[in-house]
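Take a look at this single chain in structure tokens; it is the form predicted on its own.
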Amino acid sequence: MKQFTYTIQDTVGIHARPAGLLAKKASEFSSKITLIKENKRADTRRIMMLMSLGIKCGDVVTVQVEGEDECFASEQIEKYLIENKF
């Protein structure tokens, strides 16, 4: 399992549009990618679960990646979050 933390930069946090973009990106990998805020967890492929975390600007989230392509997926998801200023 790979894991990293990320501080949300988007001024409105993770709402419908960014949740959809993240779900689409996560579906490119075979690994399970989970977003964690405090004690709540969400599968990144499920938009409504992501939105239910109530992630706002400045929140620190943990991203866990587990599966066959976890190294590559972890690197790509982290890069995607940074480049798109999530």
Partner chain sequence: MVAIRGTGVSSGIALGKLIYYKRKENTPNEKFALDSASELAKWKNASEKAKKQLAVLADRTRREVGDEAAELFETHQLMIDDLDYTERIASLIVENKKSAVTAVEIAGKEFSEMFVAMDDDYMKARSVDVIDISHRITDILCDNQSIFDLKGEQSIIVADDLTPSETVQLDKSLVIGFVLSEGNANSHTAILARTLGIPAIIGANTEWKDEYEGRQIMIDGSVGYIVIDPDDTTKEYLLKKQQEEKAVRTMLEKLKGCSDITLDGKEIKVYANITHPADIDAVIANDARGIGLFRSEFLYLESDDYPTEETQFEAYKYVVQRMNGQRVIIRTLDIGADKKIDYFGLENEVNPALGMRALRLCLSRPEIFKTQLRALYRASAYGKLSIMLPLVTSLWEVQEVKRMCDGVKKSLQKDMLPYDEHLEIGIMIETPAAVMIAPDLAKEVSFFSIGTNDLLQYTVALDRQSTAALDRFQDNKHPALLKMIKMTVDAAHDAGIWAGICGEIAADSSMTEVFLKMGVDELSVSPRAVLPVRNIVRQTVVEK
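All values reported here derive from a predicted model rather than from experimental measurement. Numbering follows the first chain given and starts at 1.
There is also a form predicted in complex with its partner chain; it is not shown, and the following applies to it.
- In the predicted complex, C71 stays away from its partner chain, with no heavy atom inside 4.5 Å.
- Interface membership of G67, defined by any non-hydrogen atom within 4.5 Å of its partner chain in the predicted complex, is ruled out.
- For the chain shown alone, R41 is not a contact residue for its partner chain in the predicted complex, no non-hydrogen atom being within 4.5 angstroms.
- Mapping the unseen interface onto this chain, T7 counts among the residues with a heavy atom inside 4.5 Å of its partner chain in the predicted complex.
- Residues of 19-45 lying near its partner chain in the predicted complex, listed in sequence order, are G20, L21, A23, K24, R45, the criterion being any heavy atom within 4.5 Å.
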